[in-house]
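In the form predicted alone, a lone chain appears below as structure tokens.
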């Protein structure tokens, strides 16, 4: 558990102004060249742009390289167990709907052991910003096949190549009832990454952002073509989509897509073509924390409630 105590004193006024460095936690221990560094910088930038109060901001993670995020952000944080970031974050938001909640997960953490929680978190549509850092491999456990590993890619657990076609996180998310914000970006597109994070934070509901992320150690070539040649990437374009002039100057392959059209969003999510942008957004869907109001109790009332529950099981 991490906390922002060094940044503020209890009872401080709201006229504070935060710079990016104010949100920097411990020195990141990712490998040189890891895409997580770029994502962390984009998150620090987002926090500064939005001027989010450290004591009102929480980062929740599971297990994996990406899940070290709470240690590197000077806010409150919860480094959970493998695949369980979303239920922890759900509990935080239900108990404290006034907090800004972020979740960081890897592809194994989210789409494998955490898949059941992922599906239901989409359906709950709780107001939180969820980042899937997808490098197509289990990095922390040293090159095991993950659900998003390309078919035929050789790993330490499938040495002759991954047996199955990869799971598509965009298609999966778009197929779940109540999905309200689905976007994709990449760590090597810093301007687009920053704009996507801002749009996700502004959305009221479950904002799911898949970030294509380089792993220079175990999957150095998977995204090589998209990194070297901008023509390999389609940028979804629409007045209601991700607005970023810098990306438009570099990436000329533009696909006009209305993010209110979920059927077209599902079609665009198919195939091997790299597409970035806002696939779908609808703020009309109900949010679970508003439907299920949690009764507010004083600390004394909470202890009395716990003791009463314990007394029920006394022998």
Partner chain sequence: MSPNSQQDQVSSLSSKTAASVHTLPEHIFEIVSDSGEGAQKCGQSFGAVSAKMGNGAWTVEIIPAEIQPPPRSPGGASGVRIRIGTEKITNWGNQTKLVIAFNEQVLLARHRQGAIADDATILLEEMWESHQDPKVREQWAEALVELSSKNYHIVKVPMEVECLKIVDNPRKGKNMFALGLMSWIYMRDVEKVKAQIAMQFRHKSQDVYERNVRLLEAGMTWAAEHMSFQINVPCLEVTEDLVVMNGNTALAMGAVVAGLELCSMYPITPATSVSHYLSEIYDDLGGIVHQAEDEIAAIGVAIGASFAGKVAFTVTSGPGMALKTEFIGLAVMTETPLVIVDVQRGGPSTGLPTKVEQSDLLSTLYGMPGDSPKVIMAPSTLEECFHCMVTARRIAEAFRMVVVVLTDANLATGVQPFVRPVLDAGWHAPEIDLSPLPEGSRPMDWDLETGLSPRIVPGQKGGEFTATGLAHDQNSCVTYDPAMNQLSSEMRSRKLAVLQSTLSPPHICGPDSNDLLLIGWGSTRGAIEEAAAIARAKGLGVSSVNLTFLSPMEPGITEIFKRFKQVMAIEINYSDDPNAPYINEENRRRGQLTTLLRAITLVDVDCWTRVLGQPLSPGDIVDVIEKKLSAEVKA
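The structure presented is a predicted model; accordingly, all values stated were derived computationally and were not measured. Positions refer to the first chain, counted from 1. In this text, rigid core is short for the largest set of C-alphas that superpose within 1.5 Å between two forms.
Not pictured, yet referred to below: the form predicted together with its partner chain.
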Exercise: residue 161 in contact with its partner chain in the predicted complex, heavy atom 4.5 Å: no
Touches its partner chain in the predicted complex: residue 55 (any heavy atom, 4.5 Å): yes
Close approach of residue 35 to its partner chain in the predicted complex, 4.5 Å, heavy atom: no
Contact test in the predicted complex: residue 143 vs its partner chain, heavy atoms, 4.5 Å: no
Contacting member of 223, 181, 138, 76, with respect to its partner chain in the predicted complex [4.5 Å, heavy atom]: 76
Contact assignment for its partner chain in the predicted complex, among 173, 90, 213, 129, heavy atom within 4.5 Å: 90
One stretch from 173-181, 90-98, 195-203, 104-112 that, in the predicted complex, holds residues within 4.5 Å of its partner chain by heavy atom: 90-98
Contact set, 300-314 vs its partner chain in the predicted complex - heavy atom within 4.5 angstroms: 300, 302, 303, 305, 306, 307, 309, 310, 311, 312, 313, 314
Core-superposed comparison between the shown form and the other one, residue 300 Cα displacement 2 Å or beyond: yes
